[in-house]
Structure formats: C-alpha cells, structure tokens
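Consider the single chain below, provided in structure tokens and representing the form predicted alone.
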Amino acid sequence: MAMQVTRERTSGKGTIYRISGPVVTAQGINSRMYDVVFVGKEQLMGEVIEIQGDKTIVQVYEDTSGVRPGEPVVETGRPLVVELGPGLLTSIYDGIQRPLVVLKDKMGDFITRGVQAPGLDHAKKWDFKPTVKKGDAVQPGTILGEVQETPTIVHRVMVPPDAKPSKVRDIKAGKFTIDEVIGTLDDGTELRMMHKWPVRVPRPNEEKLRPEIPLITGQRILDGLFPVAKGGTAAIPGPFGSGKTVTQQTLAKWSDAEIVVYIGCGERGNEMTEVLTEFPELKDPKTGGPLMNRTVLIANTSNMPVAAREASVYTGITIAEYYRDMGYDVSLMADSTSRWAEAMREISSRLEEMPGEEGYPAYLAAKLAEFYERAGRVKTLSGKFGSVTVIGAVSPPGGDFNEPVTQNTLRIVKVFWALDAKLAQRRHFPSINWLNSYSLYQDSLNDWFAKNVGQEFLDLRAWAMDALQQEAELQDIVQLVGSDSLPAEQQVTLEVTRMLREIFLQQNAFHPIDTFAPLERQLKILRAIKRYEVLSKEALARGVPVRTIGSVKSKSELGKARFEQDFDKAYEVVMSGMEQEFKVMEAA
C-alpha cells in the first residue's frame, strides 16, 4: 500500500503527549497539515488535522484503546494517498483503501490494529497495450495505453497529473505488474501502470462543462419529474426504513453511468452486509455479467473507527475522479453523509472546538460543499469527456429535514429527492414525495429531452406536475366533505392523479420488467393517462356520469401493461380498448 512506501521515507520521530479517543496530541514532530503519521507501538495510521505550536493533533484511523502517552509517533512527510491503477474494480475497501478481502484472508472476521495491506495487487501481471509510441509528445493526463481490467471495462493507463510535459523515450507492450516500468520519458520519468494521489486534493481537468446530459436511471419519478444531470449532485434524505439504500442500489444497477463507486459511510453492519453480499450477486443488465465488474465498494460501518469514516468519502471521490479522467461516466453513491457529518462532530468535540448548530462543527457547510463540488462533467487533460455524479443519502434523525446536515446539503446540491415515511408505510415505492422534491437541472436538460425523446415528453411532465399539485389542494376539501361532494370535473382530476401515482410514480424495484423503464415507455404511460383525462372530459361534456367514466377496464389494464415483456404490444391493446370503451359510453 502507499503507506508502506511512505513508512520507509520517515523524516522524524516524536512521542504521544495526550490521547482523547481517536484524537492524539503528539510532540517532537514537524509534520504539515494532513500528513500521515504512525502512532504508538502498534504503528496505528493517523492524519494531522491541527498544529498548535510544538504540538501536533492527529486523528487516528483505528481504535486507540491501550495506547499511552510517551509511545512513539513516526511522521512520513506525505498526505493520505490512494493507489490508482488496474485492479480497483471488483474490490471492496475500508475507508483508507485497505482491501477487506485480503485482510479477512489474513486475520479472519476481525481486523487487527496497525495492519497494513496494499490497495492494489502488486503481484498480478496485467496485459498492457500501448497507444503511444517512441517520440510522441505527452503531457499530464495523456493516455499511454490500455489494460483489460474486467471483461466489460478497459483501464486506460495515464501519465500522472503531476508529471511534466515531455516526449516518450521508450514504451513497451507485454505483461507487467503495476510496479514494473512500462516506459520512460525524455526527462527521465519512469512510467508505471499505477500512481498515487492525495485524497483531499481534487484531480485536475481541462475544463468543467455545463450539465446538459441527463443521467438516465430508468426510474420514472426521477427521469420523468426530477432528473439529475451527468456530473450533477443529488441528495436523498429520508428517515429510517424509507428506502434510501434500495434507491441507491437501484441507481447503481440501472443508471447509464459506466462505473459505480459505492461508499457505505457509517451505515449499520447488517445494512452494509446486505450490500457486500448482494452487489457481487447482481447481474449487470447491460452486459449480463456481474455488476461488480464495474463497481468499487468502500465499506466503513458504524462500529469501525470514526476517523476512517471521515476519510472514506475522500477515498471514494478520488477513485471516481480517476475513472472520470479516463473518459468514463461515474456515479458515486455516498450512504450516508449524515454519518460522515457525525464523525466530523465527534472529532471536533475531541478537539474542543466551538460547536455550531446541534453540536456540528462550524465548518460543516464548507466540508459538505468541498465534497460535492468535486462532482462535474469535464473535458479531461487527455481531451476526453467524463463525469462524476454524486448522489448522497442523508439520514436526518426522526426524519426532520430542518436539521443542519440536510439543510446545508440542500444549499449545495441541485436535485432533492425527498423520501417520505408515510409513503413507505402505504407501500408506495420509491417513496419519493413529489410535492417536496425538485430538480434545478430541468431547464438545462430540456433541450436534450426535446431532441432525444420529444417535446411531448416535456409537455406531459409539466401537465403531470400541475395535476399532482391540484390533487394536493383538493385533498384538503376531500378530508372535510368527501370526494363525492366535488364537482364532476374535479372528481375526474382525482382519478387521473391516482393513475399517475399508482401507474407512473410507483415502481417495483424487484420486478424484472418494471424495475427499469426506458424513456420511451415512460412517455407512453404518461400519454395514456393524459388521453384518459381528455376522453373523460369529453364524456362529461356529453353527460356521461362520473361513476361510468371511472369504471373503464382499460385503467387497470394499463397498470398491468407495465409488467409485460412486450410492453409496446400491450400498450396498443390498452389504448385501442380505451378509445372503444369511451366511444360506446352513453349519457345518463
């Protein structure tokens, strides 16, 4: 691992002065902010987070039980870095890029303190095929060659972003480990398939682009009403049991991102166990192979050291940026940022900093913004186009969206998918409240939808949102006097919005057909419900009773059509049946 390399390049030793949980005060070292140090006799990894005169404050990524003042502190002179190269995909890491599978093989189910393991397999040989030749000019980010990392993903080996422009002196094809030299530059720089990057430093790019292309998720309520752009930011806040994790897993499986980075940040062990056992079993609907072939999992459960939880989101976003630089669209799922904020709160209290609202540090908003702003669709240093879309789950205590983490997140992200416990209790999934949610990307994405799906889709989206808003206003009256007391036209509106809720907004994540709805299918479902409304109002004008209008069989047939393998055929049958039913209706 990168840490094993830095241990050989120590620049000094000190001793422990004071210990407070994961926060250790050291004296006698001369480290910079965010440098990695090794603490105590067991060499526990930590990171410098504050410097006060001759005292250095370190947050330790492991349990500090039994560590005493006077034990040694060894500085490395380098920040926390991750190894970037072939072998990241299919891996399961902890918050500081230690592969959990390797640790389990060494120690069993419980990780021993002070243990280190490289983030990548340094013994495995990869088949490298160069795409540049001797004499070619290269610069930071230039793609040197390719490695078939998994059956579905080609890993593009790049010149490190901190290298200098030069020319290729020599480069060779063949099977190499990530430590072997695959070529050299005229300035003497040796090229390898792996390089290291500090997790807290955003990777550079040529240009940040406007969010003009949607991330297609196949979820009707998301694509249809509240779309997110590639390179965009979204938050999924919701109370316990409202479906945050299932929603994120569905997005990981079905969105048209090419790479998935899933960060389980401080989640309960049983939830993370489900993710770790289910993800390797999931099939990639695009290729038929395992979904893990294009996934990196970072697991940091709630019983793991709190400091490593704080580092896990930076580890994940750095890996996501690395694949973005290759020209891939990456979706990053952070579940949940509330646990990350709680880790910051605990460390802040150990540092005896002035607390902000509800005990969170005053810099909570700045830290959240720093994380989310690393999302974006960019032109990479190599001239390709890639994106990192960040979707963060928020777990507000008691489902209170007014608490600091949710409120600060909402000021930063552009898409808000508000999960509702009452909808979940009614078995309405995804339990996203359509009245509280919003997307600020709609205007910038309208041109794409108009060009690729049709202007009708945008018109139907606006109509559906307006109808759902009308329903919310009518429900207050219904609660008082009942729906039968409403005018006939408003009773039809309630029936139309019930169809929108039950046929369009509800979606079965576990049904093989309904779990993913292409945009064309979403358009047809909206078109059918809109046609029902038009025919209903025409029937009303002819004097047909509301009860007769509400009894048409084609309504239920449309709901069943969602689950048909041949949806287009079922849709045509439903539409012709609907036209025929309304045609033969007679006035009372």
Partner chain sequence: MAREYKTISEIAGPLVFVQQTEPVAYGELVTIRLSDGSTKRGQVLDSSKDLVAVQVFEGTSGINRDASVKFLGETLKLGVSKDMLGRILSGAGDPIDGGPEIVPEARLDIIGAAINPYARDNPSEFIQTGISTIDGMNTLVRGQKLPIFSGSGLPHNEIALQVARQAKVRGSGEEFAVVFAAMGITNEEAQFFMRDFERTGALQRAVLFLNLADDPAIERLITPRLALTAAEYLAYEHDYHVLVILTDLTNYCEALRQIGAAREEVPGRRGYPGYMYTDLAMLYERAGKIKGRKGSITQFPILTMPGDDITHPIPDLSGYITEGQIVVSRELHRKGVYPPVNVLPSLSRLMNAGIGVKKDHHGNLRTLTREDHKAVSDQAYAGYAEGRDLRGLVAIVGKEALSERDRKFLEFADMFEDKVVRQGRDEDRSIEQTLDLLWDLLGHLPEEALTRLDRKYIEKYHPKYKAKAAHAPAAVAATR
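Residue numbers count along the first chain shown, from 1. Note that the structure is a prediction, hence the values are computed from the model and not measured.
Not pictured, yet referred to below: the form predicted together with the partner chain.
Novice: Between the partner chain and Thr189, Val313 and Glu471, in the predicted complex, does every residue show a non-hydrogen atom at 4.5 Å or closer?
Specialist: Answer is no for this spot.
Novice: Just one of Ser302, Ser166, Thr515, Ser437 has a heavy atom within 4.5 angstroms of the partner chain in the predicted complex, so which one?
Specialist: Spelling it out, the residue with a heavy atom inside the cut-off is Ser302.
Novice: Just to confirm, with a 4.5 Å cut-off on non-hydrogen atoms, which of Lys244, Lys253, Arg374, Lys414 contacts the partner chain in the predicted complex?
Specialist: Going through each option in turn, the one that passes is Lys244.
Novice: So if I measure heavy atom distances to the partner chain in the predicted complex, which of the stretches 143-151, 317-325, 382-390, 480-488 falls within 4.5 Å?
Specialist: Only one stretch passes the 4.5 Å heavy-atom test: 480-488.
Novice: How about Ser556 - does it come within 4.5 Å of the partner chain in the predicted complex, if we only consider non-hydrogen atoms?
Specialist: Taking the distances in the predicted complex, the answer for Ser556 is yes, it comes within 4.5 Å of the partner chain.
Novice: Determine whether any heavy atom of Ser536 comes within 4.5 Å of a heavy atom of the partner chain in the predicted complex, and answer yes or no.
Specialist: Contact check for Ser536: no, nothing within 4.5 Å of the partner chain in the predicted complex.
Novice: Taking the partner chain as it sits in the predicted complex, is Gly66 in contact with it (heavy atom to heavy atom, 4.5 Å or less)?
Specialist: Flag for Gly66 set to yes.
Novice: Should Met272 be classed as touching the partner chain in the predicted complex when contacts are defined as heavy atoms within 4.5 Å?
Specialist: Met272: contacts the partner chain in the predicted complex.
Novice: Since the partner is left out here, which residues of 414-428 would have a heavy atom within 4.5 Å of the partner chain in the predicted complex?
Specialist: Read in sequence order, the residues that approach the partner chain (within 4.5 Å, in the predicted complex) are Gln425, Arg426, Arg427.
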